[in-house]
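One chain is shown next in structure tokens, namely the form predicted alone.
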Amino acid sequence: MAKKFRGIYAALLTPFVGEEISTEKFQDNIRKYNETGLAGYVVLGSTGECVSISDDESERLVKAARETAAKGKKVIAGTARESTKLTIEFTNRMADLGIDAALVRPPSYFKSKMTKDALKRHFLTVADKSDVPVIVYNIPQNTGIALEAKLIVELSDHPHIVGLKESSGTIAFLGEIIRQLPPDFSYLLGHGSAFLPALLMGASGAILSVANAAPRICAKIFRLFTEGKIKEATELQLDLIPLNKAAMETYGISGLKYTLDVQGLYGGPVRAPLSPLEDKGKAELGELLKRLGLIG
């Protein structure tokens, strides 16, 4: 059976105008991304400042994405909440809007109690009661919980758990489990500096924050990989690493939003308590975009 989620997905930013979300700016960005070769979009992920957005705002964003995504582009939504019950309810609320899958990170407030058994029970219950397929989201740098390889393998046997977004960036984790996963299970890397090595080791694609800033480059790396042009893909991956590091590790979401603003898309401000980008960051990111030929 073919993998349901393959290719490069942009982990979309959430545009704010002042303190309000702007579905108009959001849709304008998606219309431009529709022309870039991306396989689809993730709404309400970490890059989208999901923890700072209300449920009603989230619904408006998902609805806007579904209405604007081009035919064939998949829409995945982050639906995790801090209880199993609320996660199921919100997942199915988003399912009613037509999402293709739910991206579910582990509950983390009571992290000391999130044993392997507790997490397994949580994900299996969500999958049992979800109206859409579930993609498990491992992002220990944000949640403080690193999902064990054995847990992922066990969860992959559930027919409604169709993939993993692995954002720790540890390629060894992929190597540890890839041969134990069902052939139709989608392993999606969440790290823009390492997704080509992951593809070479069997990943089916990637969900990338940096794809907001460089969607064509990210999509081209995947296309070159599928064509067997590994040398050319490697050169592009190496070119992309400095931008990914600066935007996502050094300056964060405010930096990534700036890279959109200077390219004619809309990034806009972050929502407090995140801080705006300072001039030093703007200068560094601008230089990196020039090196990649993304701005003049």
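Numbering starts at 1 and follows the sequence shown. All values derive from a computational prediction rather than experimental measurement.
There is also a form predicted in complex with another copy of the chain; it is not shown, and the following applies to it.
- Contact annotation for the candidate site: V134, L155 and R216 all lie away from another copy of the chain in the model of the complex (no heavy atom within 4.5 Å).
- The shortest heavy atom separation between Q237 and another copy of the chain in the model of the complex is within 4.5 Å.
- Using a 4.5 Å cutoff between non-hydrogen atoms, D128 does not count as a contact of another copy of the chain in the model of the complex.
- At a distance threshold of 4.5 angstroms between non-hydrogen atoms, A146 is out of contact with another copy of the chain in the model of the complex.
- Looking at L274, you'd find a heavy atom of it within 4.5 angstroms of another copy of the chain in the model of the complex.
- Look at 71 to 79, 92 to 100, 216 to 224, 199 to 207: in the model of the complex, residues with non-hydrogen atoms within 4.5 angstroms of another copy of the chain sit in 199 to 207.
- Scanning 94 to 128 for heavy atoms within 4.5 Å of another copy of the chain in the model of the complex gives R105, P107, S108, Y109, F110, K111, K113, M114, A118, R121, H122 in sequence order.
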